[in-house]
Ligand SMILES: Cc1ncc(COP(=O)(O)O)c(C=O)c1O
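One chain comes next, on its own, written as structure tokens: the form predicted on its own.
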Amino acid sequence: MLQRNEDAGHLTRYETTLRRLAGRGRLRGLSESGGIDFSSNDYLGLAGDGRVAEALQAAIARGVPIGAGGSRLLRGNDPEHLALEAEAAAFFGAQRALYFGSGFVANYALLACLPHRADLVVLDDLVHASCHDGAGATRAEVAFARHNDANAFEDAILAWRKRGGTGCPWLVVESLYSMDGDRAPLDALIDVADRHDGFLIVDEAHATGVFGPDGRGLAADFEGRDNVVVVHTCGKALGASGALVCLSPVLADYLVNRSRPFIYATAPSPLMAAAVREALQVLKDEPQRRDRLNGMMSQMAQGLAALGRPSTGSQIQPVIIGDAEATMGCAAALQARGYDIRGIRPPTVPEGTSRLRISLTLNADEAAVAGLLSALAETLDGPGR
């Protein structure tokens, strides 16, 4: 038997990379959550909600299993998955819905599977990493467009056609961007897709539950169209996990037959599907949650204006510091005062745009927002700011 050589340096290259990250102020680590929640994506406070917990208890009582036990194409296709998909399609106004294990997997699966070799995938510069990774696995050509610039998407398509592109263009955006809190120009983008016989993929991760009628998202007016695919993440405002992909029956069946992440992965927990079903019902029954969150957004916008800082008008509010080290120092100072604020650095955001990402959720209240604004003013006025 071969013996491991302890001096062979099997881990040297990994240690070197970690040291380099540390030297550049980019070494990540895991830390326990603490303080008032201004960093999670649990926007409506459903992750620990009693009503959802009761729905899970009822599901367990009626025999819903914790694990699926297999992929959806084997024995893992539980009645809870089917019920969720039917209810989600009706709720969002879609023709069909498919439930994936996470938003990351859903975005990856869509882009790795649906575009064909002759097609073009055009990504917004700031779209989520899952879309970048999915585009990296696609057989289609890939191009990038300036953030939130519909004309740039069209320019990419026209340039591709001029080079001889003959397939179908796929435009890929987030409706509400996770690090900037701004909205995509969906009306203009769907016009571009229509003019060029293309598809629009919209990641509603940070809009689902918060915006649109009954919390159906910013793309609600386009749901049900054959050339629109919408991803509704379940692990943010819905307080659970997984993702619902809303699309045409033809594309849904194609994914079931050709998408490796769907075919070969163990199906999501049936209990989690039950939790998402209840969360969707909460969106319909309790609009006051969105009303209260909107009030906190207005409070934050007014407070930031008083500090001379712009507001996004959403529940995601970046406070740009610029320097990565200074950003992490500000975050640490706010955490020490009891506010769970996280600093975001490159490569998650572009160089020179390191920021505090303030996330408003119903796990905090109006008094906490006022306290945060006061602490933020003092922190930003500190030495070297």
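Quick note: we count residues from 1 along the sequence shown, nothing fancier. What you see is a predicted model; the values in this text were computed from it and never measured.
Below, we refer to the form predicted in complex with the named molecule, which is not included among the displayed structures.
J.: So, 103, 130 and 242: all three within 4.5 Å of the named molecule in the predicted complex by heavy atoms, or not?
T.: Yes: 103, 130 and 242 each sit within 4.5 Å of the named molecule in the predicted complex.
J.: From the list 267, 111, 205, 201, which entry has a heavy atom within 4.5 Å of the named molecule in the predicted complex?
T.: None of the others qualify; the residue that does is 205.
J.: Work out which of 223, 174, 278, 154 lies within 4.5 Å of the named molecule in the predicted complex, going by heavy atoms.
T.: None of the other options qualify; the answer is 174.
J.: If we define contact as a non-hydrogen atom of the residue within 4.5 angstroms of the partner, is residue 178 a contact of the named molecule in the predicted complex?
T.: Residue 178: yes, in contact with the named molecule in the predicted complex.
J.: If we define contact as a non-hydrogen atom of the residue within 4.5 angstroms of the partner, is residue 259 a contact of the named molecule in the predicted complex?
T.: No, residue 259 stays farther than 4.5 Å from the named molecule in the predicted complex.
J.: Any chance residue 233 has a heavy atom within 4.5 Å of the named molecule in the predicted complex?
T.: Yes, residue 233 sits close enough to the named molecule in the predicted complex that at least one of its heavy atoms falls within 4.5 Å.
J.: So if I measure heavy atom distances to the named molecule in the predicted complex, which of the stretches 208-216, 187-195, 122-130, 245-253 falls within 4.5 Å?
T.: Going through the listed ranges, the match is 122-130.
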